[in-house]
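Below sits a lone chain in structure tokens, taken as the form predicted alone.
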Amino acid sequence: MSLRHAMLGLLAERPASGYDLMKRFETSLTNVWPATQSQVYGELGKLAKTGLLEVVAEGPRGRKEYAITAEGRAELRHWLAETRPERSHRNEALLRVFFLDLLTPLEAVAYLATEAERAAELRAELEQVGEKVDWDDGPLSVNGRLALEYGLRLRAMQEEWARWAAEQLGGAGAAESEAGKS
């Protein structure tokens, strides 16, 4: 359901073609809600059919420019203000933490170190996104910077936690090894 709202939100700023929307996804929403070209074009058709978008211009090679309708704005506002975001309760990486005792201490620490490295890589990717975007004072830029900062802080916390957890298990593994020698 959120692809629909992502597209309505992008079109609330200004009309766009499917190609333009793909470019806007790539420079703004791809780290929050990625979408493929087929998904975007399919959703444009659905949104137009339901009256949430309208075709405001047609160009060569079947190019269509879409704009949000009043009904589309009402749906977007309803989604933003009156519904609760769906939160995923599944996290496979964290699920594995519950069973780290089934690995050797070295394997468990290695798993956590890999998770820390992955979080650091993702944070670095987000930092690159922040450097590449041509930020301005428009709402998409202001809100995009807020979302980017969330991602940066989340990845930094995940990295810090994974390193801390590895230390906890590394210390416990060393203590167990020493106890086994006695």
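If you're wondering where the values come from, they're calculated on a predicted model, not measured in any experiment. We call the rigid core the largest set of C-alpha positions that still match within 1.5 Å between the two forms. All residue numbers refer to positions in the sequence shown, first residue = 1.
Below, we refer to the form predicted in complex with the DNA, which is not included among the displayed structures.
Which pick from T50, T36, N31, T114 sits with a heavy atom within 4.5 Å of the DNA in the predicted bound form? Exactly one listed residue reaches within 4.5 Å, namely T36.
Sort through 138-146, 114-122, 60-68, 153-161 and report the only stretch with a non-hydrogen atom within 4.5 Å of the DNA in the predicted bound form. Of the options given, it is 60-68.
Against the DNA in the predicted bound form, would K23 count as a contact residue? Criterion: heavy atoms within 4.5 Å. Output for K23 is yes: heavy atoms within 4.5 Å of the DNA.
Mark L8 yes when one of its heavy atoms lies within 4.5 Å of a heavy atom of the DNA in the predicted bound form, and no otherwise. Contact with the DNA, no.
Contact with the DNA in the predicted bound form for R84, defined as at least one heavy atom pair within 4.5 Å: yes or no? R84: no contact with the DNA in the predicted bound form.
Taking the DNA as it sits in the predicted bound form, is H89 near enough to touch it, meaning that at least one heavy atom pair lies within 4.5 angstroms? H89: no, not in contact with the DNA in the predicted bound form.
Suppose contact means any heavy atom within 4.5 Å; which members of 92-117 contact the DNA in the predicted bound form? Heavy-atom contacts to the DNA in the predicted bound form: nothing from 92-117.
My question is whether H89 is one of the residues whose C-alpha shifts by 2 Å or more between the shown form and the other one, given a fit on the rigid core. Yes, shifts by 2 Å or more.
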